[in-house]
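The chain below stands alone and is given in structure tokens; this is the form predicted alone.
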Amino acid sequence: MKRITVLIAAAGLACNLLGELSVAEIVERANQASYYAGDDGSADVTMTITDKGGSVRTREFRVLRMNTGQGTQKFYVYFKKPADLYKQVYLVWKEVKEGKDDSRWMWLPALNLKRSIAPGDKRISFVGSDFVYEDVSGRSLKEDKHELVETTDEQYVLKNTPVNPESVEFASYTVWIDKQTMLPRKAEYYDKSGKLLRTVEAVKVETIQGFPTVIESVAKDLNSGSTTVNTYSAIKYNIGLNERIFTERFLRRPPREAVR
């Protein structure tokens, strides 16, 4: 047993000396690159949804994000268009502690209603698009088992299997991570039979204020034939947001940072 332990430790040391990352390091760095650039940030998003028949719907919204310490974050999404979504707000308090779920709320001004989004609903469609609520703030790393299945000169390829498969609509998903930026560039979601259900791809990336940033992403639902394109603009980092913005008080009365 001791010999096996020594061999494993030696293999890990050899990987480090060769400059290779462990699976845990790859997953953590990809998560940081995707969701934690800077202390906070904002972006305007134009969402274009095209169904199988070619009909197109659009949404426009602003996303505010703030890191609040030890991996926790808060997100504020304010909708500007279309008219039926105007002033709608999506608020997230992202948690990282074991056994503690993220808190999510939706403010529906047309109904004068604040609605909590249950943990089990985080995988449903986000405002009728091919993205899901969970895509906005990211999936907890602890919810999946991660396996490095391939390494190329340019990418790491990871297979991710849910710890609680009954809680999600997929059996596994594969992610391609760019070695240079550590940004995930593509994710493919599969069912138990290996059928491809959904893809999410970062098709355009630029460096903004020193941070590699996705400026266009595409989600596709292979069952419905629908496609959603998110185009990001006016992206800013380290803008000094106040944490009070990310409270229930501002569901009904959006802050100037969201509307200007």
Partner chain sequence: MIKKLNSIIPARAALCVALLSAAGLASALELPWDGELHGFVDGRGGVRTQSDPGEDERNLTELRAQLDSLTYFERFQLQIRGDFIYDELADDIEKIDLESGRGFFDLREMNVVFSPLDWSDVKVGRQILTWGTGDLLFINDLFPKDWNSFMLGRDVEYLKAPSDAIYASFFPSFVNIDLVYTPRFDADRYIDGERVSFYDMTGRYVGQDNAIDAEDRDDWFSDDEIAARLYRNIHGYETALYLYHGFWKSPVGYDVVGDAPYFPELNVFGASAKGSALSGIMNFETGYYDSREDRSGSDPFIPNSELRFLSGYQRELAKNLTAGVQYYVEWMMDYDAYADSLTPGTAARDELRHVLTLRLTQMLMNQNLILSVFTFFSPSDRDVYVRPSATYKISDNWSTSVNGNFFFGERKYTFFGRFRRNNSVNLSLRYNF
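Since this is a predicted model, take the numbers as computed values, not measurements. Throughout, rigid core stands for the largest set of C-alpha atoms superposing within 1.5 Å between the two forms. Positions refer to the first chain, counted from 1.
FYI, the form predicted in complex with the partner chain isn't displayed, but the following is about it.
For the candidate spot formed by 93, 127 and 252, every residue has a non-hydrogen atom within 4.5 angstroms of the partner chain in the predicted complex. Using a 4.5 angstroms limit between non-hydrogen atoms, residue 243 is distant from the partner chain in the predicted complex. Proximity of residue 149 to the partner chain in the predicted complex falls outside the 4.5 Å heavy atom cutoff. Although the partner is absent here, residue 117 sits close enough that one of its heavy atoms falls within 4.5 Å of the partner chain in the predicted complex. Residue contact with the partner chain in the predicted complex: residue 59 places a heavy atom within 4.5 Å of it. Between 199 to 207, 36 to 44, 50 to 58, 231 to 239, the stretch whose residues reach within 4.5 angstroms of the partner chain in the predicted complex through a non-hydrogen atom is 50 to 58. In terms of contact with the partner chain in the predicted complex, the residue from 185, 139, 159, 123 that brings a heavy atom within 4.5 Å is 123.
When two forms of a protein are overlaid on their rigid core, residues whose CA moves 2 Å or more are considered shifted, and residue 132 is not one of them between the shown form and the other one. With the core superposed, residue 252 shows a C-alpha displacement of at least 2 Å between the shown form and the other one. Relative to the superposed core, residue 108 undergoes a Cα shift of 2 Å or more between the shown form and the other one.
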